[in-house]
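Next up is one chain by itself, shown in structure tokens, the form predicted on its own.
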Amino acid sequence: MGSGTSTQHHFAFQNAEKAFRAAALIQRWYRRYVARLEMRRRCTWSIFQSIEYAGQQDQVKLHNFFSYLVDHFTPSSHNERDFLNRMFTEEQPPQASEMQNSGDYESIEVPDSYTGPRLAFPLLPDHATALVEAFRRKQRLHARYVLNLLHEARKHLVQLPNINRVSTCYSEEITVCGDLHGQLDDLIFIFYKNGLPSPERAYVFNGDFVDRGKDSVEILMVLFAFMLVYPKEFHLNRGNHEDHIVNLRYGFTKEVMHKYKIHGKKILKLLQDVFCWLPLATLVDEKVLILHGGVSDRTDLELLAKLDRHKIVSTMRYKTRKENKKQAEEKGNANQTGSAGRPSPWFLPQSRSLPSSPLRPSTHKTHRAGRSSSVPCGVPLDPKELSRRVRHSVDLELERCRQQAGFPAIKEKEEPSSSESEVDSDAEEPPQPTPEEWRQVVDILWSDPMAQEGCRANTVRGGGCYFGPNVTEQLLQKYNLQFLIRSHECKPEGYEFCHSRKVLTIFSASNYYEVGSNRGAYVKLGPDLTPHIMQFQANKATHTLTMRQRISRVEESALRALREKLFAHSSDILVEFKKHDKDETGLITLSDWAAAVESVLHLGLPWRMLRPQLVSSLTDNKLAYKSWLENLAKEKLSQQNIQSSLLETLYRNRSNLETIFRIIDSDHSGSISLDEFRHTWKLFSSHMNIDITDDCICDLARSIDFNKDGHIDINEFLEAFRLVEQSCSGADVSDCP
């Protein structure tokens, strides 16, 4: 009996040992499996984020380019001056008379056939709830009610302070939501999961309600409706996308004009003013500061609380054109010492002071140093004498063009003196924000936290700053705060703590880059101010996918976007490849491939890790780069019968071209009139020193107007650009501008 029992125990121990070894092997395999999936997820995330921030840099470059041209253009008539006033660089708060016209909704009739939601003011809770249900069923709110709701929202926002103060004493809890970016499903899901706004359930929405998504209008209507129903429990902060200039690029302007073709311009004009009146921050129990972007080492809550926020029409640019002219000489003196070694004036070929054209990026890097570079769109100014000569040269050139075109000469005595112009300007224009006030708002709307100490310019976004843990700690101690809640950045889990849990990022747009790319989140604060994070996925399809399927789906989307980016810059990449292939063998090493691609795209991606997904075949561990570029183009060429170089140019510049089109289309009509085209072309010709008459400009406009309807739409605009590029590619490169 004893020996039999011993044998059984021996076999039991052997089986247990095998089981433990098997479990250890399975655990090791699973950890490696999960680690590989996590690495793929992080690489995918880096691709999406790098491409997104590169688009923001393009927007800044484009704005710099147009701002510089407008700043050095002297209008010759009232029509030209009015056109410039409508362009985005002339940023003036709309006048009361303009708002009255934009809010003229009573004359708009609602037809009997309209089956959408109807609003009656003052709004009741049932009205706001019915609005949510109507939008869930894909119904559209009539333009009359949109304008009426915006008009009432503006009247309420005007009465609010810059920094709202909220107390948990009056509500069971306060729910803070981050970016929504036009994703209505996320907003509806939050209300379904957390409950509709009520006196017991307060909400703070932390900016970036619009752009990118397809339902930005509906989100604004729901938010403004609940704000009017519960003015003490429902609060909105301004984000960096509540900006009419940013909306030109990221889709909100296009969405409004598509949904409201007749009254879209009125809606956009009123929205521009409403955005200016949105509060800048919210303070909970005097302990938790909620703002959209972040802070800097110069953030002053007292200054933010008392400045006139309505004067900050856009955070993309501080100075108006008139202010630049008035202050150019004064600021030129301040920069005279540091600019002694600068190149010749901007209109000469070797100049580098002009921001590079968005269609032909500059080949040099701009090195920013110091805190002042947090300004998103700054233009270097020349010394006093050079500034005077530049303006004089431009005026002479434009005068010569006018005389050739048959316009009467403008005599000096007919021009008002500078002092008279300044008096008239001051009399006509409302007071402007000071540079410090403007920088304060830019910093809280555009900044991001970083792990390192200090505060430096946010060169990735082109605006705001990166602020470190010490900057956060200094602000918290100065104003006796516990922690900050901010948004502005998409996070894989929908939220992220940093700076020793003193900064909480909340992002409420789930599936932001692609279905399954990220969760959404919101945070609830009770009387103890302990943050309770709630995560969600608004898309039901993500719940049926395994982690591997979800990551593979998102990875495929990210790689597709990256291949489009590579294809769009294939000509520049080929030039870099040839630099590494000095023997002209047609082969380069993988290290050279990674270095060349990064030197062109500047995305900061782990290219060697991405190599298996981007490079399929190698020869002796070397890449045949010409074949690789040809394979990259096959997919795009199969979709459109256009030669590779033309399609590449369109892919690279389409976003900029569409933004330029909307800038020229200053009345948001959806097409460019002959007058708009003529004024814009004069702007470009004054910079490029091109002698062209009005007749030639009209002939050019008619040639672009392919269907001969008297206007140029976006398709004709892009087609004209394609034909110009095609003619340039068939001729000598030196013959093309």
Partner chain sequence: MADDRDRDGTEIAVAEFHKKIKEAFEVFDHESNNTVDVREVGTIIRSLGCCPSEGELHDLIAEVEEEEPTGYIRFEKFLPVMTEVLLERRYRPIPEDILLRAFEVLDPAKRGFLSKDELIKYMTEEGEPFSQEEMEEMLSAAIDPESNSVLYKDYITMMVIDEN
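This is a predicted model, so every value here is computed, not measured. Residue numbers count along the first chain shown, from 1.
Heads up, the form predicted together with the partner chain isn't pictured, but that's what we're talking about next.
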Next item on the list: Please run the contact check for F13 against the partner chain in the predicted complex: heavy atoms, 4.5 angstroms, yes or no?
Entry: no
Note to self: Quick check on H711: any heavy atom within 4.5 Å of the partner chain in the predicted complex?
What the structure shows: no
Next item on the list: Verify the contact flag for R563: yes if a non-hydrogen atom of it lies within 4.5 Å of a non-hydrogen atom of the partner chain in the predicted complex, no if not.
Entry: no
Note to self: When the contact criterion is heavy atoms within 4.5 Å, does R608 count as touching the partner chain in the predicted complex?
What the structure shows: yes
Check: Which among 598-606, 116-124, 477-485, 513-521 is in contact with the partner chain in the predicted complex, heavy atoms within 4.5 angstroms?
Finding: 598-606
Margin query: Could you pull out the residues of 472-507 that have any heavy atom within 4.5 Å of the partner chain in the predicted complex?
Written below: none
